[in-house]
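In structure tokens, the next block holds one chain alone, the form predicted on its own.
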Amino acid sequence: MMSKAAFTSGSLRYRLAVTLIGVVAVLTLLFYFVLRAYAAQIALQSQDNILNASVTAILDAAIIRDGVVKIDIPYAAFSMLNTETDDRVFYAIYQNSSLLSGYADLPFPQRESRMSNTYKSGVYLGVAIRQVTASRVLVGGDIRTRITATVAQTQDSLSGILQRIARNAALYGVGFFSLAVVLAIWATSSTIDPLKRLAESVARRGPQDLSPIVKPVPSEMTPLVSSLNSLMTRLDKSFSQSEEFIAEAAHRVRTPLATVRSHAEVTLQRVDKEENRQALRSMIRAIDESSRAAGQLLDHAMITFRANQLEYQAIDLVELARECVQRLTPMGDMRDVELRLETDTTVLVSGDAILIQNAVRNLMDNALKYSPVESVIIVKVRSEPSPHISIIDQGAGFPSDEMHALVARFTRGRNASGTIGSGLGLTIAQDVALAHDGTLNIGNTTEGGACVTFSF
């Protein structure tokens, strides 16, 4: 049976994967900027330490000799500032506010207290610099003076270091993001797999299997499984009630009609007037039509119900066809129609015996209705090329231009007028065939009779 596709609002797997990847992307960007800022802070601190060592070496070289401040700048004070990019170094040395040596225009911090070192970034001669300023008080004889030294260095090397750090951080970030994406997809699949396994477990069940799901599931899926189990319990109860209703309805409809028909036949034998006899015949015909229509409607309802929960068992089509022929032979004898059975030794299939017997009986009954007097109906059961039952009669056959529509419910051919029927016989057989993944082929023989084949 075909089922309508469920309405979807997107993929849960896709949503979860996108959410995880989005979180990873944000964390990757955060990781990149934090790492870059921390690396820049460490690099700047390293440069400050070297500048501080340089300015300290200069101040340590300052002495008072003969009442004059003398500074012999050591070579190491500037050599320690050498870099791969040959950054330029600037300095200025002040005694109180008087320049002793260096660049007079080098920015000099004006502070009331210079007891601690001062670190500052700025621009000098059009280039970015980092400078450190430190002070020291010299005492000699009766002289007390303050010496202040400022050492500045361009930041080409620092910029190069920061660029390399940023590039490496970006590479690490891309690697981290790629790995995290793979892990996010794996985590998504692992999270969705229990739901997928549950769906596959339910889909693999036969239509008649309405037992509760007992397979362990994650706690988050417990409400869903509980709802499914509750639904299947209700469906099982509903199907049982439907089957009981159909059986009861068949009994309550057919029994009164059969009783009324018996009384009508008895009355027909006692009535002498022709007009009364004709009325009774019309009544009997109407009762037959009603009984047949009610029976086939109930058969169709029963097939519709059982098609969703087939009770499979091994069936010998030869025995099934023989039983149907035996049951319908008395009806054929009343019409002088012979039911002839032609079979292989054994033809085994797997299916619902009640439905298959119902379909074959309806096909044989149709053949009996439309067969002329003193004709033969051949019932063939063969195993090749696939198991099938064919019912061939010697009637008028199917109208060729209506053949494709005759399996529809309540549809009868134009040559069926005057024959009792409801237009459900072929429909029932077609539904049973589809329920067993089989086919029902209708056609005409070369002699003009109808031929219906039920194939498995």
Partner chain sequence: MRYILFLILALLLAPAFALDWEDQQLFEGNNGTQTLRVISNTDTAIFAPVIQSFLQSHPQLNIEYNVASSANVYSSFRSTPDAYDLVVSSAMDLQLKLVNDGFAQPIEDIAHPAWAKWRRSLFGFTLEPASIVINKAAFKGLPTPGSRQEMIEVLRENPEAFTGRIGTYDIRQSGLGYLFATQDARVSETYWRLTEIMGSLNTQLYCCSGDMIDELAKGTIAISYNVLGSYASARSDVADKIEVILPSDFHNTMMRTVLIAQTTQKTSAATLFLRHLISSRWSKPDTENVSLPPLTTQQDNSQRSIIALDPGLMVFLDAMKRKTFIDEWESAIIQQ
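It should be emphasised that the depicted structure is a prediction, and the values quoted were computed from it without experimental measurement. Numbering follows the first chain given and starts at 1.
A second form of this protein, the form predicted in complex with its partner chain, is not displayed here; the remarks below concern that form.
Novice: Thinking of its partner chain in the predicted bound form, which stretch from 65-73, 29-37, 384-392, 45-53 has heavy atoms inside 4.5 Å of it?
Specialist: Result of the contact check: 65-73.
Novice: With a 4.5 Å heavy atom cut-off, would you call S121 a contact of its partner chain in the predicted bound form?
Specialist: Looking in the predicted bound form, residue contacts with its partner chain do not include S121, since no heavy atom lies within 4.5 Å.
Novice: Within 4.5 Å, heavy atoms only: does D87 come near its partner chain in the predicted bound form?
Specialist: Result yes; D87 sits at the interface with its partner chain in the predicted bound form.
Novice: Using a 4.5 Å heavy atom cut-off, state whether F78 contacts its partner chain in the predicted bound form.
Specialist: The answer is yes: F78 has a heavy atom within 4.5 Å of its partner chain.
Novice: N276 versus its partner chain, in the predicted bound form: is there a non-hydrogen atom within 4.5 Å?
Specialist: Contact check for N276: no, nothing within 4.5 Å of its partner chain in the predicted bound form.
Novice: Answer with one of V225, M232, L100, A184: the residue that has a non-hydrogen atom within 4.5 Å of its partner chain in the predicted bound form.
Specialist: Looking at V225, M232, L100, A184 one by one, just L100 meets the 4.5 Å heavy-atom criterion.
Novice: Going by heavy atom distances of 4.5 angstroms or less, which of A199, M221, V139, L125 would be at the interface with its partner chain in the predicted bound form?
Specialist: Of A199, M221, V139, L125, the residue with a heavy atom within 4.5 Å of its partner chain in the predicted bound form is L125.
Novice: Are F398, E447 and T453 jointly within 4.5 Å of its partner chain in the predicted bound form, each by at least one heavy atom?
Specialist: No, the candidate spot makes no contact with its partner chain.
Novice: Which residues in 145-183 have a heavy atom within 4.5 Å of its partner chain in the predicted bound form?
Specialist: Result: T154, D156.
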